[in-house]
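This document opens with one chain alone, in structure tokens, the form predicted alone.
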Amino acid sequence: MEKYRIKPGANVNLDEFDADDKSEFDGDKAEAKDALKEIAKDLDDLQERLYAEGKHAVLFVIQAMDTGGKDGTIRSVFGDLNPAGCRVEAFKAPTSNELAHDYLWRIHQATPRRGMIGVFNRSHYEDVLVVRVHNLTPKEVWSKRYDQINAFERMLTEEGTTIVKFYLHISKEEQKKRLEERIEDPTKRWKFNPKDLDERKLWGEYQDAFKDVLSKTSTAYAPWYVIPANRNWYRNIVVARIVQDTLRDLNPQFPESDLDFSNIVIE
């Protein structure tokens, strides 16, 4: 999966990433689903050990354009994990109370504690994406946030949190298809928001904003991965494999007990 990882300091051009790519899996959609089931079993074991050990926290950040598949990825990759050890946070527009604090205030409160897996559906990166595209704050304000975010993530990693970030990369043509499906399918119409069409008109501006995010905030300690996401099944298998590799690298173990079990009798 290293081909999708953005190296620190890279000058990212999203036009060079194929949203239709499926080169890292030899099988088809059906085989990918079977492979995902096997990965899910391993993730369940890894999560249990991570929770029991209580030494490391793991944070997965997911960003994408509208219809990019954030919800579907979370359901497919993290849906079978024990909710006692996995918490999903969806960041909407900030409340008045959140706006009264610095932009990282609400984010820091949601970061996972040791032993937990945290998943961010949108994140602190909205403050250099939406905020930038819609001119919600001056450039001299949001342009400083890349360094602030890097420092924030470095602090988290030095305190025991492993951070991995996913950008789900879809094409503009695929977004059009998915928006049309939401209109045509009665079971998906609840997802459609006319404001999505206004956001679509800003596709170029968002691509520029994501380019800077990926270029300026993919670090050795908190890397970005650009995930080909036109095919949902391939997106899911790639993300799942990276999650699996991340947890395996931590190699969590069940803690040893100091109790002398030979003297314990249960009547």
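These numbers come from a predicted model, not from an experiment. In this text, residue numbers run from 1 along the sequence as written.
Below, we turn to the form predicted in complex with a further copy of the same chain, even though it does not appear here.
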Item to check | I149, L156, I170, I74 - the one with a heavy atom within 4.5 Å of a further copy of the same chain in the predicted bound form | outcome: I74
Item to check | Among the candidates L129, L179, I107, V164, the residue which, in the predicted bound form, approaches a further copy of the same chain to within 4.5 Å (heavy atoms) | outcome: L179
Checklist outcome for this item: For a further copy of the same chain in the predicted bound form, the stretch among 156-164, 99-107, 191-199, 136-144 with residues bearing a heavy atom within 4.5 Å is 191-199
Item to check | a further copy of the same chain contact in the predicted bound form: D44, any heavy atom under 4.5 Å | outcome: yes
Checklist entry - Might Y225 be said to contact a further copy of the same chain in the predicted bound form, defining contact as any heavy atom within 4.5 Å? => result no
Item to check | Touches a further copy of the same chain in the predicted bound form: G9 (any heavy atom, 4.5 Å) | outcome: no
Item to check | Contact test in the predicted bound form: R87 vs a further copy of the same chain, heavy atoms, 4.5 Å | outcome: yes
Checklist entry - Using a 4.5 Å cut-off on heavy atoms, what residues in 65-81 are near a further copy of the same chain in the predicted bound form? => result I74, R75, F78, G79, D80, L81
